[in-house]
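Given as structure tokens, the chain that follows is alone and in the form predicted on its own.
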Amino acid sequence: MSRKTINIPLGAQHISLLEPVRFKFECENEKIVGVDSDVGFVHRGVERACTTKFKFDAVGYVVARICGLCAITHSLAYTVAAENLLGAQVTAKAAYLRTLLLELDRIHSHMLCLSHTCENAGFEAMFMQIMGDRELVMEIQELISGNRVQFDYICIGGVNRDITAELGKKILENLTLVEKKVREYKDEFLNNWSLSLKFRGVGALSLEDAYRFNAIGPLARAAGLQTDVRNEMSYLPYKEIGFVMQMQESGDIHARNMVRLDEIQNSIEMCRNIVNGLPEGEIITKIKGKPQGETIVRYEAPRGELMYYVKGNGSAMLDRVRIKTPTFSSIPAFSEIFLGQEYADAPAILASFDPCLSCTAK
């Protein structure tokens, strides 16, 4: 067979990639032999606004608008940074409630990724089923915070709402339903050839390359790289509520699917432990003063490490709010994984990365 080299663009408008990023694949017949990526830039001026338009006690609500899928992680990372600069500490109850929302964020974000994986594999019915089941988590988040997506729940000094015994019961009921659904998904992903098994070995990231490209989140853990910020945290009660790092070794699409399914199950267990073991006490501590100095805070967002650098000058306006998002850190591995793969597998590989350029374009 004669070799024919053609260039094929993918994005920025593509059914499998609704994000401002474009790939140009150089293909020999059906195999990708070269990749050029162009990360689009949708400047929203968030960082600038946080230092010129909004006082430090309002910034947590601004950064929650960076991303609808990990809004809690953004607002929490900034809020903890501000508390560090103020020398403030929150109550144990507030820390537990923050962790509850953080893990609910992870559950619904991973469910969205898995639903898109099903869609790219042609399983439209399962895509719609997972999105429908995801509403059980969205309902809990709305009952706790008052919003379905942009959760203005975390504030400097604690959280804005408590949960009642009745709400706690509803949370546990919905989590039980979601847990049952996830077991069914897992059975499909483990046994259905078209959905997941055919992707064994496809889009694989080796452990060596995971180190080389500084991979994070499920992408890294699927390749056997033991990295999860939750494992290093002392300011959230992960060691008390049953956190277990979820690992795979093959680094392919199937492994990334399984890491997310396992993490959903672990997050459900942690949320259940939080509700059943919620400490007594106040949900907010009054904080005085203005941020002075600089600090870095890291959290494990659904896609990996989220980092905030915040600098204060002792006034109500901050000097710097610098944000490094998980997808930005994962971009170097994008191009490497595509090399040597069939072009027909490109949409499935992209979906397994779960990219969120919305976060990156601040």
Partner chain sequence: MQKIQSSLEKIREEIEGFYDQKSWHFLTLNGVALSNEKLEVQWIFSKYATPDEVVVYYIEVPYDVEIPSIADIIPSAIISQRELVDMFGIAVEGSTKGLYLDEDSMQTPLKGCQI
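Residue numbers count along the first chain shown, from 1. Quick caveat: nothing in here was measured; it's all calculated off a predicted structure.
Although it is not shown, the form predicted in complex with its partner chain is what the next lines describe.
The closest heavy atom approach of Val35 to its partner chain in the predicted complex falls outside 4.5 Å.
Interface residue remark: Glu208 is counted as part of the site for its partner chain in the predicted complex, having a heavy atom within 4.5 Å. Although the partner is absent here, Ala215 lies within 4.5 Å of its partner chain in the predicted complex, judged by heavy atoms.
Residue contact with its partner chain in the predicted complex: Thr227 places a heavy atom within 4.5 Å of it.
Every residue in the set Thr51, Lys311 and Arg322 has a non-hydrogen atom no more than 4.5 Å from its partner chain in the predicted complex.
Remark: of stretches 215-223, 154-162, 280-288, 171-179, the one touching its partner chain in the predicted complex is 215-223 (heavy atom within 4.5 Å).
Contacts with its partner chain in the predicted complex, taken as any heavy atom within 4.5 Å, map within 331-360 to Ile331, Pro332, Thr360.
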